[in-house]
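Only one chain comes next, encoded as structure tokens, the form predicted on its own.
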């Protein structure tokens, strides 16, 4: 059953500034659904619309099978975790968790039971009498999660909840939030600009740009089969390398000596290659030679940077590779690792068989 069903949703301010345009998607019950995109793409506005904090300009919103666009926020059976935690500084951890339950006039005994259960799940048992100022960033985030859990709302909305944490704690909290969601079976809609969070936490992700959906699918499907140039260069760290090609009969020339079979189109074509698919051709005929411009040896992996037709390209290899800047090295790319995009529209050209065990989600 669909927990959330959005159809042809539009949002405009002052009747002309279109923030979201013709947005349609659904979220299944118990799914961890991530909305990802750059700053200003409309993802937080979309979450606020689902929460009832913004009005819909056009389109429909259904939640748990019922029309929800006209309902007040307190009628939507949702909980929400904000980027700034939204904790009351003068209240203790216990009182912060209980606040929403008190407003809903739930019996005191049941309030205490829910509070203790949420605190136990999140490891807050010994912190219930502390004030937020006495807590670390990760502990404050757990309190905000505890308030959402105690509400027992079937849908939880999260707006960049980990962005204020340091890198190490953010990694830890990603795992904790995902495990908690699976344990409780909650439906979560999670907004982030961090593609690592999207790739590691989501059952499905929706990529937004300038108020429009670019692609919806399982994280690996979106990574392996980006539907346009924006998705190809936004998802992935480092992003996909892109270069414009030149048609040579039935082949496409990417650079001197490197050609690939041409798609059955007359339009100009861009070619893309993921950094990990650029391999060092030590004992095999190379696709081309590259001059090392910069090298970053990170310990577990090495990033090698060079120019391709004037554009900066990056190769990513496991381990430690010690090349010199200015060194000319042979690189190879398998033909089935080259992605093609229409230069005029940016849309993907063609497809390849999916790896065993993967299924392609509907892509927009």
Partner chain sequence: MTRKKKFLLYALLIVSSFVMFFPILYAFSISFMQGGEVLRGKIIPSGLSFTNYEAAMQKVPLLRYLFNSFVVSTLIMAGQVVFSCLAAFAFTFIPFKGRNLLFLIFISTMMIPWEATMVPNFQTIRALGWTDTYAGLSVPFFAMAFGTFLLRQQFKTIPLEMYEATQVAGVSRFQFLWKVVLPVSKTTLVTLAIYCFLNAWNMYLWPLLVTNDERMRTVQIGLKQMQSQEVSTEWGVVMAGAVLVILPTLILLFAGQKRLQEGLTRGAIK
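Residue numbers count along the first chain shown, from 1. Here the structure is a predicted model, which is why all the values come from computation and not from measurement.
The same protein has a further form, the form predicted in complex with its partner chain, not shown here; the description that follows concerns it.
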Answer range among 240 to 248, 220 to 228, 94 to 102, 138 to 146 for contact with its partner chain, defined in the predicted complex as heavy atoms within 4.5 Å:
94 to 102
For this chain shown on its own, do 48, 74 and 78 all sit within 4.5 Å of its partner chain in the predicted complex, going by heavy atoms?
yes
Residue-level question: is residue 108 within 4.5 Å of its partner chain in the predicted complex, judged on heavy atoms?
no
Determine whether any heavy atom of residue 82 comes within 4.5 Å of a heavy atom of its partner chain in the predicted complex, and answer yes or no.
yes
Taking the shortest heavy atom distance, is residue 123 within 4.5 Å of its partner chain in the predicted complex?
no
Although its partner chain is absent from this view, report whether residue 175 comes within 4.5 Å of it in the predicted complex, heavy atoms only.
no
Sole residue of 86, 167, 282, 261 within 4.5 Å of its partner chain in the predicted complex, by heavy atom:
86
If the cut-off is 4.5 angstroms on heavy atoms, which of these, 90, 183, 133, 294, is the one near its partner chain in the predicted complex?
90
